[in-house]
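The structure tokens that follow cover one protein chain in two forms, given apart as structure 1 and structure 2.
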Structure 1
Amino acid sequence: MTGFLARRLANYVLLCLAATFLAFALGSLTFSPLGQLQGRNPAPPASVIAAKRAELHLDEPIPARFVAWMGGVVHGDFGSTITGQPITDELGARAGVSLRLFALGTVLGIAVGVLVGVASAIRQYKASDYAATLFSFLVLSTPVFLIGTLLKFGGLRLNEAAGSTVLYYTGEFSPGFQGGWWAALADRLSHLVLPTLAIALSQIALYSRYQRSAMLDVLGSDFLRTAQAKGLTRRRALFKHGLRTALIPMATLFAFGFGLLITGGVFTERIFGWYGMGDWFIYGVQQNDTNIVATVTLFVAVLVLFSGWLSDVLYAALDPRIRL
């Protein structure tokens, strides 16, 4: 078991490195970081451009630049932006914002998604099942930026109806907020509701669909009948034997769902004005900043692979046949 997980981990580290190199190389090839400087009016003297060129090491080959950057990353230095700001200074705050958003959205998405899926499977072809199916089809067909925008306007309408600001839709907290600990918590929560929903809704839709079909596969199985025949109530049999078995295929899905989450996070952060990693990524592409883009890619790769590793562990924990 430990050996298997360790080998997986080693491969993941390699994949992380390769993915980051891919982003770094593609960014270095397509971005023109001097474009903004050259486009200035009046044009800056050639020496200034040459100095910037040297500062960004643009004359060195890309692999050499990557090795130099990665060498810094190993020591906790993520290089600096084009304008010379150290990336490490901003990284912590940005990663924190994204992680808070992702963590809550994922936990909510998985928990509600699994519950909705199980409920639909048990009450198959009832009105609630059709409603859940319709909901997930609709959500999975709606891009996150549309969901986010609609949620924003829903919040606006709600605030108008309530006559006061119940739900905020910009930022993580009110700037210059004064008040006690509880008031601050309430303030943060009312900022959190809409973005978390934007993240969680698509996760709920995705997981509930798969959980429903996984649960349906289990419902007709012999071991469930046996469990009931041996005296377990239907409810106990369903949750103790049925749900556990139906969760196994879901473990691998959680890793796949994570890519969706990251992409959704980019839109959510942009729409609701959260200055997280996704927002930073878009900024990095717009500014043609390779280091920012590579840093965010590394962050994403680590998260995706960590969730993949976690789903390996979950798989092993849920499936008694796996003794690695």
Structure 2
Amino acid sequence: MTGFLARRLANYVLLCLAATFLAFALGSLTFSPLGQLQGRNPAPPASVIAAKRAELHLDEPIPARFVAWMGGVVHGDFGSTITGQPITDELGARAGVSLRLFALGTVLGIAVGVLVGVASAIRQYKASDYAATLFSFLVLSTPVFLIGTLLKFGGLRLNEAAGSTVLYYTGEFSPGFQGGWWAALADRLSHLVLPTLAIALSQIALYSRYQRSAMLDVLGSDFLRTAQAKGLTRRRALFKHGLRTALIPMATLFAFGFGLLITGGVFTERIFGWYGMGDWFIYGVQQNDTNIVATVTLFVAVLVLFSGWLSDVLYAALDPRIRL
């Protein structure tokens, strides 16, 4: 098992480098980092433009620029933005925002989605199954920005009914907040509820559909009937053998879904005022900043590929044949 996981990790490292290089090369070919400088009125002197071009190493070949940039990344230096701000200083804050926002929503969405999917499969064609199906299709067909807006409206109504601010719908914390540790934690949690719900609802709807289908494939299998024939109750056979088998194809979906959610959740970040990696990626594209785009791509690639490696660990834990 150790050799299997080591080989998979080595493959993921190569894929991570390839994805980052492609993003770096695409940004270098399509972006015009000197466009804003050249478009000023009055136009800056040619010497200023030449100095900026030399500062950004635009005359060097793209592979050489990428190797130089990766050399700095290895030592913890992700370069600078077009305006000269160190990217490393911004990276930690942005990554922390995204991880705090999406980790809780994803875990909650996966846990509830699996439970809803299993319950729907066991109670197929019952009222609860139809209700879960209706909820899933309704949420999946609703755009994320609309779900976020409706949740903000609901939070506003709740605050009006309570006569005080129970839930915040903008920002990660209250600016200028003063109080103890518990008060600060409560303030952050009140800011976290609505964006977490916006993420979790879509995850619940998605994973419940997949889990229901996977569980239905298992319910009629021979090994479940054999387990019951050997004396296990239906409930114990379902959860000890059936659910474990049904979770195997879901492991990859769980792992890669979280990594891709970081940049895919840019709408959630912007609606609720959480400025994480997705928002930073959009900003980098708007500013024609190759270093920002490459940094976000590297972060997401590492996260996705690490998630993929964790899915291999889950495969090995759920399926003994993988360990052999």
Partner chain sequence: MSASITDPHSTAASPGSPAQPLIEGRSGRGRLVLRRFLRHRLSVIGLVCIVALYALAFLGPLFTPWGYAEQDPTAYLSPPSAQHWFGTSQIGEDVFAQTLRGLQKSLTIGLLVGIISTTIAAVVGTAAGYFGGWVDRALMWVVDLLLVIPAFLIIAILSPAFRGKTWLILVVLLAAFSWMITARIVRGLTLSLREREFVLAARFTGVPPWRIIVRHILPNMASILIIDATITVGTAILTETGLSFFGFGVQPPDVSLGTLIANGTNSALTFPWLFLFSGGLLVLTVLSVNSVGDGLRDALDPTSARGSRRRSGD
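For the two forms, the rigid core is made up of the largest set of C-alpha atoms that agree within 1.5 Å on superposition. Just so we're on the same page, residue numbers count up from 1 along structure 1's sequence. Treat the numbers as computed from the prediction; the structure is a model and nothing was measured.
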Structure corresponding to the form predicted alone: 2
Taking the rigid core as reference, does residue 188 move its C-alpha 2 Å or further between structures 1 and 2? no
Residue 177 C-alpha moves between structures 1 and 2 by 2 Å or more, core aligned: no
Spell out whether the Cα of residue 162 moves at least 2 Å between structures 1 and 2 when the two forms are superposed on their rigid core. yes
Enter the rigid core superposed C-alpha shift of residue 141 between structures 1 and 2, rounded to one decimal in Å. 2.4
